[in-house]
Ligand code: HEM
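Next up: a single chain in structure tokens, the form predicted on its own.
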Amino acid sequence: MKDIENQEDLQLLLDQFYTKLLADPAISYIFTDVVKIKIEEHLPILVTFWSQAVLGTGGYSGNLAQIHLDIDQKEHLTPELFNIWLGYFDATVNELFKGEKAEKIKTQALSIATVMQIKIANNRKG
């Protein structure tokens, strides 16, 4: 099994990850009903984000924290939702890739999920 090497690998990872995520009614409603995401438009942005994070390519200029804070205002993003997200993310990485970058992307996903939950909790207090 190979490691994550390029944007095509990230595209494959994210395609399969979102296929799983959107098939699970415990979390899919966030994407389909709350955000009403058009996945074909969203995936290239995600590939750019993860490519910058894992491959160092640059190009992502969005505000990840604010995006999630805005979603939380519409529908609370609970720790359970983050756990579901992380479970599918890690499982998909493990099915497709093995190596330094595969471990890096899983660590970064956990870090991002943790930071988002802290920011959401702080925002709800404030």
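Since the model is a prediction, treat every value here as computed from it, not as a measurement. In this text, residue numbers run from 1 along the sequence as written.
Keep in mind that the form predicted in complex with the ligand is missing from the display, and what follows is about it.
Colleague: Just give me the single entry in Val93, Leu55, Leu69, Ile27 that has a non-hydrogen atom within 4.5 angstroms of the ligand in the model of the complex.
Modeller: Spelling it out, the residue with a heavy atom inside the cut-off is Ile27.
Colleague: Select from the listed residues Gly87, Gly62, Gly99, Gly59 the one whose heavy atoms reach within 4.5 Å of the ligand in the model of the complex.
Modeller: Selected option: Gly62.
Colleague: Considering non-hydrogen atoms and a 4.5 Å limit, does the ligand approach Ile39 in the model of the complex?
Modeller: Residue-level check for Ile39: no, no contact with the ligand.
Colleague: May I ask you to check whether Ala113 falls inside a 4.5 Å heavy atom distance of the ligand in the model of the complex?
Modeller: Looking in the model of the complex, residue contacts with the ligand include Ala113, since a heavy atom lies within 4.5 Å.
Colleague: Quick check on Ala109: any heavy atom within 4.5 Å of the ligand in the model of the complex?
Modeller: The answer is yes: Ala109 has a heavy atom within 4.5 Å of the ligand.
Colleague: Across 29 to 61, which residues bring a heavy atom to within 4.5 Å of the ligand in the model of the complex?
Modeller: Heavy-atom contacts to the ligand in the model of the complex: Ile30, Phe31, Val35, Ile37, His42, Ile45, Leu46, Phe49, Trp50, Tyr60.
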